[in-house]
Structure formats: C-alpha cells, structure tokens
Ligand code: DGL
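Shown next as structure tokens: one chain only, the form predicted on its own.
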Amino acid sequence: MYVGFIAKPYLYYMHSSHPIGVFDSGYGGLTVFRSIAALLPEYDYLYLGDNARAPYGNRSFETIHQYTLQCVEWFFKMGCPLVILACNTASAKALRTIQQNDLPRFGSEKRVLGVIRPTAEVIGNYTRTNTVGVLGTKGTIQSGSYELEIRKFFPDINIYSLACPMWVPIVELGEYNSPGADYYVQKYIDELLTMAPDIDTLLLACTHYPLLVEKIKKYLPAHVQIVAQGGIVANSLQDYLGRHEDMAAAITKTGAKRFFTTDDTTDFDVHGLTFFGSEIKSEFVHL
C-alpha cells in the first residue's frame, strides 16, 4: 500500500550558480524550455528529463507526486530557487500538493510553478465562439485540471477535453512525420470534432504535441487555431520575474544551460535536437 513520500532532512550544498530549474518527465518539456530560453536568454538554467520513469501520463496521482517531488528536491539541491514543471501531467497531478504540503519544509524562498495556470489565464482570449478543445495525456485529461483552472478566469467557456494516448509514443519514436502517424492524428481530431463541431481554438496540453502540429492542421477546419504552450509559459515567467524582483535577483545570469536525464544521455541528446531545436549535451543523474 502506498503510504506517501516520507520527508527527511536534506543537505543543500553551496552553489556559485542559482539557475532556473525546468522539469519534464522526458523530452517534451524541451519545447517549453526552448521558448523560455529564447525570451529570457540572460538567465542560467538546468533542465531535467526523468526519462527512466517516463511516461508519466498513465501513472497514479501518488506515483507522479512522488517522482515529481524527488526531481524538485534535486533541483533545490542543485541551487535552483525556482522550478518550472514544464510537464502537463506533473502540473496536473503533483503541483498543488507540492506547493501546499511540501514546499514549507524547503524554505519560504523556494518556488515551484507549472504550465496549466498560465495557459488557463489566457486561453479565453483566443476563442470567438467560447468553445475550446483540449488535447492531452490520459493523466492530464482525467485530472480535470484544465477545466477547473480555465473556468476560474473564463466561466462561460465551453471546454471539450480528449486524451490522445498514442501521440506521445509516436513522437518519442520519431514517427511524427511518418504516414503512420496520420491514422492516430486523424482519429483523435475526428473524435474531438464529433464532440464539439463548433470549436475555434485547440489547446495542445502536452509538450510533445507541437511536433505533430503540421499533421493536426491537416485534419482541422481551417478556422480552428492551434495554441501551443511554449510562448505562453515563457511570457508568464517573464511577467512573474518582473513582479518578483527578489526572485529575479536570486537567479544567476550568465546564460548557461545544462541538461540532465535519468536515462541514456546519447538517446536524450538525439531527441533533444528535435525538441529543443539545437544540439545539446546532456549529463546523467541518478535520483
């Protein structure tokens, strides 16, 4: 029986750098990190992909909380005062618990932010018909997090959500441009359009899905705009740092970027080129 993550004292080592931590269960968060680094290139960053335990999408709330918390603790030990969960599933299933129950024992100066709230705050500005489709992993969709957060800011919007469990494997296998991917892209788009034929905005609530955007466009009506999260999260982070000068001052600014994975570094670097848009050299970390 799962009994929760047992708190224990941690030694926080002295670091000369204090980067922003960017976390994902694997490669997908690199699409968000790419936008953040482009908008805010002056800051230092650490990226961690928990590839050894990916995917998170079908795991329980308890397991995702445990895994995500372990990664957040690693970031804190590496000197990060701020961690961005660039993973929709972790944001949906672990962020609130970490913020409310776990952060107090790390100190009031530490912060963990996610990708759902920034997206929810602006998604209503894209739609004219007040009808939005949300595509994500099984874990994200089942959590109901997007419906809950969007309605806080746009209570009159109609939201239609659909899990697309085959899309992440297609992307991670490098098949996102292949003819075989069309079947599953069309399958889920057709299901969504059957549910909500009048949507005019489609939110890609998974950081892997931007790699499928050209195929998604093929099966959507021309008037439906596709919204990815990278730019939204980057703009939100810029605004956050502008409003929290103490946090902005605590983060070191040399433009350094380091990449870590809990699995094979060679594989991560190959995928990283696709997701991040430029060559990376990752380091292995055992959690």
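If you're wondering where the values come from, they're calculated on a predicted model, not measured in any experiment. Don't overthink the numbering: it's just position in the shown sequence, from 1.
What comes next is about the form predicted in complex with D-glutamic acid (DGL), which is not displayed.
K.L.:
Given the stretches 254 to 262, 54 to 62, 35 to 43, 241 to 249, which is the single one in contact with D-glutamic acid (DGL) in the predicted complex, using a heavy atom cutoff of 4.5 Å?
P.N.:
Answer to the contact question: 54 to 62.
K.L.:
Just one of L212, V83, C206, A94 has a heavy atom within 4.5 angstroms of D-glutamic acid (DGL) in the predicted complex, so which one?
P.N.:
The residue in contact is C206.
K.L.:
Can any non-hydrogen atom of S145 be found within 4.5 angstroms of D-glutamic acid (DGL) in the predicted complex?
P.N.:
No.
K.L.:
Hey, in the predicted complex, is V168 touching D-glutamic acid (DGL), heavy atoms inside 4.5 Å?
P.N.:
Yes, V168 lies within 4.5 Å of D-glutamic acid (DGL) in the predicted complex.
K.L.:
In the predicted complex, which residues of 17 to 51 put a heavy atom within 4.5 Å of D-glutamic acid (DGL)?
P.N.:
Contacting residues: D24, S25, G28.
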